[in-house]
Structures are given as C-alpha cells and as structure tokens.
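One chain is shown next in structure tokens, namely the form predicted alone.
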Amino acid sequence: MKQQIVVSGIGGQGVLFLTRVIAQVAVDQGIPVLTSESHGMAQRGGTVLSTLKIGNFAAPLIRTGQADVALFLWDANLPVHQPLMKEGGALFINSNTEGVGERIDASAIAREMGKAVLSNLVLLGRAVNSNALFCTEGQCLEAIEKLAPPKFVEQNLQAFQAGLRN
C-alpha cells in the first residue's frame, strides 16, 4: 500500500489538523507514514501545504506529477499545487464554482454547522466517500476522536459525516 497525498489551503483552515488525522489513521493501521509541512511565514491567511506519504517511502516531499490524491481547502492554490498531482489523480476541492476536480462547497456546509473551520473535515469526508483515500470511514472517525480537543469532538465528527453524505 502506497499513496501520496497533498493537502493545500491557507492558514486558519485546519490544513495541519487534517494532515494529522490522515497520518493518525495510517499509524493506527501500522502503515508507515511521512509528513511534511510548508507554512513558515504563511501565518493566518497565507498558503499552507502539507504532504503525506503513506507506505514505504524514503523522503516526505512529493515531486511534481506524483501525488495520487489532493485535498484543496482553498481553490486559489490550484495553480501552485495542482502540478504535484499525477495524471488521473483524485482531486477534491472546497469550492462553490465549476472547474477541475471533484468540488464541494465544504465551507458553506461548515458554516451551516456553525463553524467555518470544519470545512477541512467535510472535505475529508467527501474524499473518503469517494474511496480515493487508503482509509475507511470508521478509521477516520477513530482518528478524529483521538485528535480533536474533547469539547470539539462531536462537532468534528459531524463535519466529517456531513462530507460523507454530500
């Protein structure tokens, strides 16, 4: 089992939490995982990129044209990070506009739930529902329960499940 995953967004969208959830699923399954983050000077509102390599890999960075799956929380990052995708890779985008990839207005769904920052888990739910990722719904639910702060666990689980249904 090998999978290379890109998570792209801006500061404050939960890119790093989403990355941790996916990585936790791999750890829980005993699958080797490498992660990398690029957010140094990004701060809130700046570009954030995380990469995950699930399986036996020697280095965490993903070369151009090698990512199997990408989760874009901010569609304006497409011109910069889409070249990491391999041809035919699964591309999931939080967007209310038409365009490439599988799109879902995760931000609107999250806002309806009362917290726009939950769009990251809505998008994850959509990707899991499409069987694009190496993990299952149940494995993700367990990882979210482990990683979310106790007072936010239920909201996080609901956001993930909303993505599964949409």
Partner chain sequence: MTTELLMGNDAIGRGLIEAGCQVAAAYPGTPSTEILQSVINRRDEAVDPLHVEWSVNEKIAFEVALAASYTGKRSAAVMKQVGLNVAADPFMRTAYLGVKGGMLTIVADDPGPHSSQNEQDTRLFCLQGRVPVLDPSSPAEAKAMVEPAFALSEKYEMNVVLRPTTRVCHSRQSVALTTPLGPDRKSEFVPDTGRFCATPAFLPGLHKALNAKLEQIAKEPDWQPKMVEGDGSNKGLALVASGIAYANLVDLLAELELTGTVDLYQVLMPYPLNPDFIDTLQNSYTKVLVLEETYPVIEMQLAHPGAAGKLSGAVPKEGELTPDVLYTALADFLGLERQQNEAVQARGQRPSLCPGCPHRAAFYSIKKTFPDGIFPSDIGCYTLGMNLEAVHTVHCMGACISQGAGFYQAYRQDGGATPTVVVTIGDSTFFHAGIPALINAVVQDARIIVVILDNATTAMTGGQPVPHMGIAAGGRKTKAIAIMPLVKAAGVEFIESCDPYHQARFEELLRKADEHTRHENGGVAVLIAKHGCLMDPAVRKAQEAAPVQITEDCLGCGQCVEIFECPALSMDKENETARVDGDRCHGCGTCIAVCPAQAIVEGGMI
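Numbering follows the first chain given and starts at 1. Predicted model only: the values in this text are computed from it and were never measured.
Just so it is clear, the following notes concern the form predicted together with the partner chain, a form of the same protein that is not shown.
S.K.: Does Phe92 make contact with the partner chain in the predicted bound form, using a 4.5 Å heavy atom cut-off?
M.R.: No, no contact at 4.5 Å.
S.K.: I'd like to know if Gly88 sits close to the partner chain in the predicted bound form, meaning any non-hydrogen atom pair within 4.5 angstroms.
M.R.: No, no contact at 4.5 Å.
S.K.: Any chance Lys53 has a heavy atom within 4.5 Å of the partner chain in the predicted bound form?
M.R.: Yes.
S.K.: Decide whether Val100 counts as a contact residue for the partner chain in the predicted bound form under a heavy atom distance cut-off of 4.5 Å.
M.R.: Answer no; every heavy atom of Val100 is more than 4.5 Å from the partner chain in the predicted bound form.
S.K.: Counting only non-hydrogen atoms and a 4.5 Å cut-off, give the residues of 51-70 close to the partner chain in the predicted bound form.
M.R.: Heavy-atom contacts within 4.5 Å come from Lys53, Phe57, Ala58, Ala59, Pro60, Leu61, Ile62, Arg63, Thr64, Gln66.
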